[in-house]
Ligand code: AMP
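Take a look at this single chain in structure tokens; it is the form predicted on its own.
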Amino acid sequence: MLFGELSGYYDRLSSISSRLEMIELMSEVFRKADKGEVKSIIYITQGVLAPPYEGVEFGMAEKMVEESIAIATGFSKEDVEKEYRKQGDMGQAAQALKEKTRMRPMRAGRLSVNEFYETMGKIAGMSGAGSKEKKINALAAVIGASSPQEAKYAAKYPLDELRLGLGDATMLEALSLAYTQSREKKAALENAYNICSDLGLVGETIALKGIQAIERFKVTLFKPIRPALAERLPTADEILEKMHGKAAVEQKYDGFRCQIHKEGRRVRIFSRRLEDTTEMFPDLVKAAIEEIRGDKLIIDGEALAYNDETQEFLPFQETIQRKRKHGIAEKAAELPLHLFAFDIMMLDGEDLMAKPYHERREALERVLKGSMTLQPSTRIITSEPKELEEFFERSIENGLEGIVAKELDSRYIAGARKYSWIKMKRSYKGELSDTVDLVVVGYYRGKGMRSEFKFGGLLCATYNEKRDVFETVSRLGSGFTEAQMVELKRTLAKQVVKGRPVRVDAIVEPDFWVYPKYVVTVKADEITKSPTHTCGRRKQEDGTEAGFALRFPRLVGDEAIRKDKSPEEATTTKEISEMYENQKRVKVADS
């Protein structure tokens, strides 16, 4: 497939809002493309060069892309910047200037998808002295050899600004439709994706080897597994009822989610977002090599700063200081981490994910026996609500978030939120029992005292997994520090788009729409029904329609943006609906 043809599909995708139409159109792309091009198409469409855990970045800022466009079109950098301000989009600016230029491309419309992808990969790989100029000139060559339509996406790609509205779930359904003639195999594809975290590999596998290879997909060392997630319930009685009367109950830690992969002396550590964070945690790497009693293994846990002398957990505000690119050794000595492991997914090369929880726990305790740095999470096994409540209260007193109850016979369910794991977190009178993580889809101008910041608040949304869209749930205007308002305005201004983004379902309209990329943590007093928000919107008994909204929402946390979560990992519409029902049950019990 020629890159020009793919660019044409991208234009068509940008003009439609129906998810079903997107699935149909993307499946057409996959069917038309050579099977050896599917991986490249997926990465380009995602706006990446490789899966997150490989850490491959373009390393090109807006000013560099502007210079590339100037060289390719013969206009000055000032002309490019002026066009960029006019269009509000670097790709649109590149297209407009290509249409005006008198410089004629030599190979316009003849660049194949794989040639384009490989060239962009080479640009990303340029390093060392003079690499900035090399990158600028190499991108200029690509734009120069492109048609105006191709130039638009060539300029957008290195800035991660394709913004086509295609989430992972939509891509998986398109792959299923393209290669099995129905969307029914999406679950098998999603399972494969959850255990390898590489959508490009999943697409390449089904294209070249068929659905049978997807159904035989296995866990692989050094390819991170998408982490298992917990559902929520507000009381011990409800948790034990859901767990058929008996459960393992573990302390819930507020730290860095760490997935450790080990083979011999090779160790890699992956974050909640599946990024490689190995270099940040030399103390954990050393402990994994020296203290673990097994090999070819994958362990899931939470790392946090811990005071051995007082046996106290340090606040997350101190633990977060370990996330850095410089001064790592010094900070590791000052704030050593302990990893509290709560699961093991592979041991001696054997996939343990389908084994029952109690067997995995036994294996975990064996491999960590004697380790001082890597320890199994503290837990009890109980069938008594009172004992569960007392363990919960002790966990809170120790400075932890709460507890996670686990079904004794449950398997490790990658990338999914099921009732085999249930969390219960601290609650305060008159407040929700938990914070929620929401996706920013818009923001408002500052008024009054906030006018100097040009920032007045956020429009936030939940993630609807079934529809693969973001549904508004709150206008957030409280809890910001001055520094956070400055940071949010600066960050979100780069994501402003003309008109409501394709994947956003909204009735209310902010002053500025932004592409759904960033997540914030929010606390609220309660969840209420609202005629103006689309989260869980449905017809009511009186014939009107209403969704859910947060009452008295406020931003929480020292960092304005939660960098460890992607938009698809935010609180879901289903969770908000369940929290609303749980909230009603707690109120009845309290009365």
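Remember, it's a predicted structure, so these values are computed and weren't measured experimentally. Residue numbers run from 1 along the displayed sequence.
Omitted from view is the form predicted together with the named molecule, to which the following refers.
- With the named molecule omitted here, the record of contacts in the predicted bound form names 404 to 412 of 127 to 135, 475 to 483, 404 to 412, 348 to 356, defined by a heavy atom within 4.5 Å.
- Looking at the named molecule in the predicted bound form, residues E250, F342 and S377 each place a heavy atom within 4.5 Å of it.
- Contact annotation: Y153 falls outside 4.5 Å of the named molecule in the predicted bound form, judged by heavy atom distances.
- At the 4.5 Å threshold, heavy atoms of E83 stay clear of the named molecule in the predicted bound form, well away from it.
- A residue is said to contact a partner when one of its heavy atoms sits within 4.5 Å of a partner heavy atom; E302 meets this definition for the named molecule in the predicted bound form.
- Taking the partner from elsewhere, W421 is found to have a heavy atom lying within 4.5 Å of the named molecule in the predicted bound form.
- This chain is displayed alone, yet in the predicted bound form one of K517, R273, R257, K223 has a heavy atom within 4.5 Å of the named molecule; that residue is R257.
- Interface residue among K425, K186, R163, K242 relative to the named molecule in the predicted bound form, by the heavy atom within 4.5 Å criterion: K425.
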